[in-house]
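Laid out below as structure tokens are two forms of one and the same protein chain, each shown alone and named structure 1 and structure 2.
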Structure 1
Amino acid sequence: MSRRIVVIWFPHLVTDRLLRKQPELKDLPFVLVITERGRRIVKAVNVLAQEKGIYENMMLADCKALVPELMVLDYDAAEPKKLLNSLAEWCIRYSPFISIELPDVLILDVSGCTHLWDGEENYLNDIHKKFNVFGYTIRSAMADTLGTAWAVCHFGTNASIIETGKEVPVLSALPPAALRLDQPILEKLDKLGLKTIGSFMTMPNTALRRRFGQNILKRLAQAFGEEMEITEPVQPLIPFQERLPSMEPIRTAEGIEVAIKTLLQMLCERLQKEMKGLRKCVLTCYRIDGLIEKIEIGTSKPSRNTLHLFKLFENKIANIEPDLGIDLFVMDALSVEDLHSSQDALWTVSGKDESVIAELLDRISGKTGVQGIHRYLPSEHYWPERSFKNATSLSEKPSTEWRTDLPRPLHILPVPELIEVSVPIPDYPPLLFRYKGTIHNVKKADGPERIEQEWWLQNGLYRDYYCVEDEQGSRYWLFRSGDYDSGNVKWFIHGFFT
């Protein structure tokens, strides 16, 4: 899809704003002036004053001579930037990518936005309607390139939409000033009788460069889309953002719930594709009276579980005041972290009971962390530490049977602990052993069960396991590590039988 750019020009930006604040000035011609080198110079003119022949940068004395009843107000040099910024932020409802060009132009990158308004025409009409209601006079144009849109906006028909590939015929009829060239070059072009862009755009580049400099070639290339023009958005793009405009203003909690669910669904699908999880998320609701309502949630670990995130939002819906209604929902993931699929698979289940359990585990893992929850499956290894493995999900089935033919203790020590023993003869269970300062006299014993190292996984000594019972009836799982002949024999306790 090609880029589509809308340029909005506010010919009377500052004065329109003033009229909004002070409607009583509506029927008066007025100008805004600043003092420059001892002279008072007009910086902004309203429509009425302009009709009487007053233009920007005239001296106030001259204007007074032309229109004696002229109102004079002070001009604030910082005003246009402030105004444009706030307008740009308001326009974010139309497109996420908006930049400003001082003193009076807004640039909207609307690629992929217009279909939400059922076409480009409706889109531009909507912009015009809204701004007219606010009292701003605007001119706009939509085109593939910023250069063309700017040119048509300032010098062509108002609110025109230039289709892809139609730039050349449209531009050729416009004056050179539409290319945003510097004043000296414009004067030079004018002197040479080149009144339209069409009259020089077919000239060889070398000739143009020699006479008018590199800039004219750059502007032409930008207007025809041969060169990319980069603008800086007022709000940096948030990579994970989803927008949901609504046809009718939404006022009910149910409506907001549906909006949150839809947005979460879209957001989580995207997070899923990019293996990310959400840590912090904010929902911004744009009300039709211009106010903005925000609710924010945070998660203790990255998550892209729609249900879980919705639960977090659900508690905060009551904080939103829809008032007259909300016409746009925007959901931003302010902070995302890597989240691999093996982690969320633990909670994806089929049965009803299982999904209830999964939700419970989710709540618990919210507190303890996902590494605190284990489910074990059998693994085909004799080595006790490797004879089970962690399941990655609640639905994973064991791939092999659990073995019951070998005695295994119910409690096992994570790391075998060294014990002191007295053994009558090699390959016999100990007569007594000392564990944690207590001497246990062995009364009965089973074994040995020899477990060899799995040499393809790990090197080391084999273990001879004995199950022994002391005079109290307590049962232990002991092993001798290594061969008696080697002389270096150690005994360990590894577990407790019931």
Structure 2
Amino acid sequence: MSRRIVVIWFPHLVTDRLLRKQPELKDLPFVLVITERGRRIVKAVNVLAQEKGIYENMMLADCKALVPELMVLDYDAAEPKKLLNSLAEWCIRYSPFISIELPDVLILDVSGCTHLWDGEENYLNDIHKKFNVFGYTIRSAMADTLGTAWAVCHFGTNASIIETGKEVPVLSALPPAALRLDQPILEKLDKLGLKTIGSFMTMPNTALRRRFGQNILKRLAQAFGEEMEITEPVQPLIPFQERLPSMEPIRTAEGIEVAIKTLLQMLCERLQKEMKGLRKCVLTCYRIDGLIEKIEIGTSKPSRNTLHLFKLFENKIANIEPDLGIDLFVMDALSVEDLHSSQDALWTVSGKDESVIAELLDRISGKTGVQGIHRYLPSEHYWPERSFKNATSLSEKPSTEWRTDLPRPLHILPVPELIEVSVPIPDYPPLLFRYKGTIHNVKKADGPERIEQEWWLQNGLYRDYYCVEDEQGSRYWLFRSGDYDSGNVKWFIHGFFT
């Protein structure tokens, strides 16, 4: 399959955008100007002003003399790039590879895309139809090379489709400016009477290089496909991406579900071939009004099970607002990991299989948020608040065993909180304690359990822990820091059993 390039030129990019924002200007000739070296220079012209003989780079004084009623507005030099980037993002529905050429050109690599619109002619017609609805005047052309598409777009017939191998006869009739040559070269060609590309394209390379420089040979080679022209996409290509355009806008939840299932099937087939599993995925929905809707899912372990992944998306379909309809769905696997075939049979296992647990966690996190789910592993520390840690993944193995010989509360405070107690004699549990302004009378108690710091720490601190139960049946984990002989005793609450 040969490479196919579409060039879209916006002759009135900035002024068309202004008309979208201020429709009241549509019947007025106006220009956008900027001050350069003390002179007011025209940088953008609308259609009506152009018809009256106004063109870019004219001095404003000359324009006013020609068209006294001309409206003058300020020109923002940063706006063309912003507009082109925005339009390029919108055009993702037509091609995944789009680049810009300042100040007014979009370049689309449409290889393998046009069949989704039943052919190249329908493809270009749809582009023109959409931009006309948005109020943009465009010219376009499609060819095997960027150079040919650019030349025909600017100097040939609008919406032209150049067949493979037809570049020479098409380019030969166009002026030299169609090759994007520098102005000094164009002036030399004009002086020599070389008015078309065909008048010099068959000349020996040595003669062209000697008289006009190397750039003219480079542009000819690019136009005829003898040299590749590299462009930088606006959005980097994602290795695992699937696209699903729709000829009719999708407005219903059922239609969105069908699109998600189709994309997941396509994506998981690719992941299967690459022995990969999905960890993070984003669905981007391009609406016909130009707005974009996104939903994102993540998995605890790599997965390519379409049923499981769809269930994660299913919880978030209600967040998508199709409005007038969605005409393109794009699914990007932002993060993938190796996944061997033995890990792939997720729904045929029994017992406490890690994959089943991982999928359960994915479904829960899809409803409550991943920030609400934690897995803890034991850590080799004595102090209770340091005796456990957050696991980095579901497959992480513990470095030590959980301590099960003595009771531990379900909820441990990250920082012990100071309490007031009443103790009958040293080394006895308290009769009562005050916590957050509430007095708890102790009905039952067990302890003490002494926990000391690690031997390599020099402070030599220790704590005496007590399990106590108040009159309401609530159980708490208290400890005493220090001893009564030193006169520096403090009591703390550190956890809750119920």
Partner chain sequence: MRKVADRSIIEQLQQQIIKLQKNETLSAEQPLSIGLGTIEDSFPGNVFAKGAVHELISNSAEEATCTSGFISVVLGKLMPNTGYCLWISTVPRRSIFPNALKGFGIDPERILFVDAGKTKDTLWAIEEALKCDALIAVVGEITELTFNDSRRLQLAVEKSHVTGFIHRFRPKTENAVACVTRWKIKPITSAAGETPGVGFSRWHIDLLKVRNGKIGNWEVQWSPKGLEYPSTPLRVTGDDVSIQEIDERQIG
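Each residue is numbered by where it sits in the sequence of structure 1, with counting from 1. For the two forms, the rigid core is made up of the largest set of C-alpha atoms that agree within 1.5 Å on superposition. What you see is a predicted model; the values in this text were computed from it and never measured.
S.K.: Could you point me to the form predicted on its own, 1 or 2?
M.R.: Structure 2 is the matching one, since it is the form predicted on its own.
S.K.: With both forms fit on the core, is the shift of the CA atom of E385 between structure 1 and structure 2 2 Å or larger?
M.R.: The answer is yes, as the C-alpha of E385 shifts between structure 1 and structure 2 by 2 Å or more after core alignment.
S.K.: Would you say R480 moves between structure 1 and structure 2, meaning its CA shifts by 2 Å or more once the core is fitted?
M.R.: R480 C-alpha, core-superposed: shift of 2 Å or more.
S.K.: Spell out whether the Cα of E417 moves at least 2 Å between structure 1 and structure 2 when the two forms are superposed on their rigid core.
M.R.: Yes, shifts by 2 Å or more.
S.K.: Would you look up how far the C-alpha of L324 moves between structure 1 and structure 2 when the rigid core is overlaid, in angstrom?
M.R.: With the rigid core fitted, the alpha carbon of L324 is displaced 2.8 Å between structure 1 and structure 2.
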